[in-house]
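Below you will find one chain, with nothing else, as structure tokens; this is the form predicted on its own, and questions on how it binds or moves follow later.
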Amino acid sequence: MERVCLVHYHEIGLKGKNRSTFENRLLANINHALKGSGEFRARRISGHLLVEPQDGFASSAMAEAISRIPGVARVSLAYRCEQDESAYCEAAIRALGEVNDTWDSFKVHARRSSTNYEKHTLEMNQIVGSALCAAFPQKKVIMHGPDITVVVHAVQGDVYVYADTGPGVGGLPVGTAGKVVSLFSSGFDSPVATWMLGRRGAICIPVHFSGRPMTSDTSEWLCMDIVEALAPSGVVGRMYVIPFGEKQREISLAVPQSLRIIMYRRVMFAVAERIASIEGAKALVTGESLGQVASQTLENISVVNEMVSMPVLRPLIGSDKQEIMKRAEELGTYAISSQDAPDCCTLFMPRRPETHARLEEVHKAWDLFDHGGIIEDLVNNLEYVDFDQCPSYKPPRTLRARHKELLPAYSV
């Protein structure tokens, strides 16, 4: 009797003729995420994906790793056996016996799909239920709201039996929704926003604007640590680093103090859009939450948005800080983001930033410095770090041709 991981999905099951494309992408992501976890085989079966370790014993650690991959709704540690009453009754007793002792009631839920097994689900429920009542006489059978549900699923010549099932992150497989470029910092918000787009199937390309050389490179290393923390989800293929300190100083000397942040962000958006064009990305992503800081009022968001022609996605726009920090804890980025590091967000900040910028004043300030030259210099001097966590990411040929002399600034 083998123990396997039965992978359940939700949204993929709603797809039509292209459903197999989503299943195959999720299979590839699972194979990549489980590299180094020993020999295993991952394949499609009717309505599910199946991960079979070579040693025949799937561990809870393997199930946990799979559950963090976007596209996975649930992972069940299941026993696989023949379509034989005694075999699947024994599997059910074993599966229920492995559950902790805090439960008092159970029920059996039998299913059949893509199988020619002759017994009806009602018969299977009765057979397995009788066996479990005999094995656990002190426990009660409750049909509505039991503590534990034992699932007996006959599919394609086998029966899968499980009581241990855990939630996944849901969403769609990374690599099924194209690329996005994310404005990325070492704070709480932008890593969460990046992950949320990855969870919807997008390949995420973080762009970090560093205060270097006016500040240390600490924020860059923290961003790399955050990307590594997101590795189980496989959402990031490459991170770009833009040394922005000198250009910030140039801007700060030329424009009214209250409009500095808006000028910085307009330049950031323009550079990010250039990188998106190089990468073939279709949208920008930010971690903005409405009204959280001065740059995130509706007026200021509007005058910054003017800089780009592609969509700007803001998945956190209606979230408060507590919600964002809670999600960061779940993702494993909270402790990293809690560390204080100087970056471009803390450099040359005005004492009283404008919160309700007017477009005419912004345009006048924009013409006070060589914004075109600054944007071009920043793009020409970008640096990048590649991460081996997103199997569907392909680096752009345009970048290699244009910056063939540029080596990655860091190694992972």
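Position 1 is the first residue in the sequence shown; the rest follow in order. These figures come from a predicted structure and were not determined experimentally.
Omitted from view is the form predicted together with a small molecule, to which the following refers.
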remark   = the small molecule in the model of the complex has a heavy atom of only one listed residue within 4.5 Å, and of Lys321, Lys140, Lys119, Arg249 that residue is Lys321
remark   = Among Asn125, Gln292, Thr115, Asn305, just one has a heavy atom within 4.5 Å of the small molecule in the model of the complex, namely Gln292
ask   = Might Phe184 be said to contact the small molecule in the model of the complex, defining contact as any heavy atom within 4.5 Å?
value = yes
ask   = Given that the partner is absent here, does Asp343 sit within 4.5 Å of the small molecule in the model of the complex, heavy atoms only?
value = yes
key: Heavy atom of Phe106 within 4.5 Å of the small molecule in the model of the complex   = no
query = Could you tell me if Asp189 has a non-hydrogen atom within 4.5 Å of the small molecule in the model of the complex?
reply = yes
inquiry  = Contact check in the model of the complex: Arg68, Ser76 and Gly234 versus the small molecule, with a cutoff of 4.5 Å between any heavy atoms. Do all three pass?
reply    = no
message = Please pick out the stretch from 208-216, 87-95, 325-333, 160-168 that is in contact with the small molecule in the model of the complex, where contact means heavy atoms within 4.5 Å.
response = 208-216
